[in-house]
Ligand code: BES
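Next up: just one chain, as structure tokens, the form predicted alone.
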Amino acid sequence: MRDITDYLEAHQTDFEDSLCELLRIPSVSADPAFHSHCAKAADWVAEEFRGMGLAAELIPTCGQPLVFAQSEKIPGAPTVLVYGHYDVQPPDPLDQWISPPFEPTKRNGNLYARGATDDKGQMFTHVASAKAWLKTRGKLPVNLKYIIEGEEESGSSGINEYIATAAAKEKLACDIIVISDTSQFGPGQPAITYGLRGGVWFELRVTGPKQDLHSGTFGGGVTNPLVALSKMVASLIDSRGRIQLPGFYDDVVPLSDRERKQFASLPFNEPAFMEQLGVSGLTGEEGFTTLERRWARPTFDIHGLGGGYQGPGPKSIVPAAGFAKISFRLVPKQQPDKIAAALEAFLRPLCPAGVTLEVIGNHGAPGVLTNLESPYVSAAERAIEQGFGKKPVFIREGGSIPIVSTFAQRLGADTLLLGWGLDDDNTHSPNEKFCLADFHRGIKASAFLWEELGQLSRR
């Protein structure tokens, strides 16, 4: 691997310059005003693949195009699919950026730009590593495929439609999937994320009288929709942090002793964590640590409550309606449809006379868990140690990446979640950044990953 690592070292500036070109394209998928820029970003990625000698194509969808590329077929070698996205979040609020969001700027060892870490920078590490292999050895040790989408930040409608087709199942067939769109455990401590929580989202609407009523005249004679809604929402979780839906915990897979010991051994500082968040205490389900609750236990949250008068000063009314936006984060084996049915069954008897309840389901995705004994996980562990100079730790992530469960269902393949970012990279916020040292370490780890995965067929 000396020839490849020498190439990586000699071309660091080139890789940074290429990433900056991509970062200058304002590919905001959520805003139609930027859709032409999304198309430009897709073209840029496709041309980058073609310049490396890969077969590349743009796949039209109902939304932004997908970029697909693949290397020359090597019989007997594992097939690896790399997923990423070229679209980015809106840059607002613009006045909080120190440097313009689409003018990549280097300072303090970081590269600042929208998309620097989410996900253009992390995705590009797997492009640069393959380029190093092709430039030095002329071929890769694995069958490498890429599927890069342009709507991850706005619902992924295009790739979800495409992946349901028979053509996609054949084109994207693989042994293992690689995604870098997560974070390390902390500075200088790389990680492999082996589990993701899923989730299911709802809006609860409670409707009462046909219009707002004077609370002095009618209060006590009619049901107040906001009082009814507040009682129903509060009943979903008890004082011990346990969710009250019938059968909610039936499918929850308990943490193993190995996992609990591993989490406990991580250098997690609760006071520093509280200071980072600006809170005076931590709460959650009794009997579990903060990391266990964040990563591997199901949760219930209220995201928004509305209804009635919201202006300054008092207004004595019985409001006509109210709403709550809620979600349940789910762990592997819990099913969104089952939780939705349980929510309906639980809330209906609690809805008092005089108001009506509407439960609107938005979207949901199951959690994902990768087997830690997988040879692909072991290969990634070795590669990351060679790239970062330190063994990775194994962590779970409390958030959801729906495409991971979609890939598992449609392609029957596990995903290696290898994040090179940090949790202070300001993802989705002003002044998004990517540590340049980690960018280059990520490229090196990726280059070693192709070597380690390529040897699996020969072991």
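Start at 1 and count along the sequence shown; that's the residue number. In this text, the rigid core denotes the largest set of C-alpha atoms whose superposition between the two forms falls within 1.5 Å. Not measured: the values here are computed from a predicted model.
What comes next is about the form predicted together with the ligand, which is not displayed.
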Study note, to complete from the structure: in the predicted complex, the residue from I159, V142, L196, A132 with a non-hydrogen atom within 4.5 Å of the ligand is L196
Practice item. Would you kindly say which of F268, W201, F288, F218 lies with a heavy atom within 4.5 Å of the ligand in the predicted complex? Key: W201
Check your understanding: Out of 243 to 251, 366 to 374, 176 to 184, 91 to 99, where are the residues with a heavy atom within 4.5 Å of the ligand in the predicted complex?
Key -> 176 to 184
Practice item. Verify the flagged residues H11, H126 and K390 against the ligand in the predicted complex: is each one within 4.5 Å by a non-hydrogen atom? Key: no
Practice item. Determine whether any heavy atom of V28 comes within 4.5 Å of a heavy atom of the ligand in the predicted complex, and answer yes or no. Key: no
Practice item. Decide whether V404 counts as a contact residue for the ligand in the predicted complex under a heavy atom distance cut-off of 4.5 Å. Key: no
Exercise for review: Mark K120 yes when one of its heavy atoms lies within 4.5 Å of a heavy atom of the ligand in the predicted complex, and no otherwise.
Suggested key: no
**Study point:** is_contact(E152, the ligand) in the predicted complex, heavy atom dist at most 4.5 Å
**Key:** yes
Review point. If we check the ligand in the predicted complex, which of the residues in 254 to 282 reach within 4.5 angstroms of it by a non-hydrogen atom?
Key: none
Point to revise | Displaced residue check between the shown form and the other one: G398, CA, 2 Å or over, core reference | key: yes
Check your understanding: For W97, is the CA shift between the shown form and the other one at least 2 Å following rigid-core superposition?
Key -> no
Practice item. Determine whether the C-alpha of F328 shifts by 2 Å or more between the shown form and the other one once the rigid core is superposed. Key: yes
